[in-house]
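Given next, in structure tokens, is a single chain: the form predicted alone.
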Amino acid sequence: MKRVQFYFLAVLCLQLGLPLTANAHRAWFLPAATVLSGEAPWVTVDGAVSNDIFYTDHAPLRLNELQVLAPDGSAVEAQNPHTGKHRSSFDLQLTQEGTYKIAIASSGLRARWETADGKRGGWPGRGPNATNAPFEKAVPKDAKNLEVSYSSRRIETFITAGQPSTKVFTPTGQGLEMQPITHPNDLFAGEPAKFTFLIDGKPAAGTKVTLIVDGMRYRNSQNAIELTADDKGVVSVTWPEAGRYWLEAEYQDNKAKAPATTRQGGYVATLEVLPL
């Protein structure tokens, strides 16, 4: 499990141009509020990669691939974007009633091998888009122990103005995605919630899910909730307390399209659970 987590961390760092270290860094969005009312309210969203969840202590989450979907499915431009040393931030004005989705997604081939003289090789390096790069030219013909995977990574959060809506949850059919059964902006302490995970549009049975509530900086244990998706890709949780939760899901199988031999999906979301 730890090996898989480190692999996803490495992929995330390469795709987002972040420094890779051995520490357990986590990427996240953090909206100032997830449920708002009033006429066209504004909300500020932070994004970072950190050691402690929701504390800006390592690197900013780059906004190059930021996507914001309005309740009607149209694209919305983030306002006042800024990237500093440890975090990025931007504002959104919620001019439509319903649920907005904020996301960064990436995917592509990854390869690693040993050269004829025993040195380790890998492709792509930091920055290039693996989907469009010349894979066949990058890997030496005499590469040994070649491992090729197709990986996808998605980081999301959700904000609702007024009444919740569901159009933004329509799956793209690419990578690991969460399709809520319980609306993510309608979560309350002590109540159950269910979420379906999909890999390339189909149920991702066996997906490993971790939930960690904020405040880990001030406790000795992470208090992680570990879940495994059933045959339909569904996980269920009863929220033990109110707060902001970091959700991470990971999936892997051997159903990748050639030249990849493994298919890997990573998904992260920030959810807010309110007191009853």
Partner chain sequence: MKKTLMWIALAMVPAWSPVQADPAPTDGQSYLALTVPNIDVAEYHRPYVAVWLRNQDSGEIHNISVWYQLGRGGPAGKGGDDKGEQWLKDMRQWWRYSGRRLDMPVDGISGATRQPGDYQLALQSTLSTLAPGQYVLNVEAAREVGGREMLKIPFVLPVSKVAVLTAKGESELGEVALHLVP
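What you are looking at is a predicted structure, and each value in this text was computed from that prediction instead of being measured. Residue numbers count along the first chain shown, from 1.
Unshown form predicted in complex with the partner chain; subsequent notes refer to it.
No residue of the trio W113, L146 and N254 has any heavy atom within 4.5 Å of the partner chain in the predicted bound form. At least one heavy atom of G162 is located within 4.5 Å of the partner chain in the predicted bound form.
In the predicted bound form, the partner chain lies within 4.5 Å of some heavy atom of S37. By the criterion of a heavy atom within 4.5 Å, D186 is counted among the residues contacting the partner chain in the predicted bound form. When the partner chain is considered in the predicted bound form, E191 lines it closely, a heavy atom lying within 4.5 Å.
Stretch 28-36 is the contacting one of 28-36, 206-214, 57-65, 219-227, since its residues have non-hydrogen atoms within 4.5 Å of the partner chain in the predicted bound form. Interface residues of 253-276, taken as those with a heavy atom within 4.5 Å of the partner chain in the predicted bound form (partner not displayed): L274, P275, L276, in sequence order.
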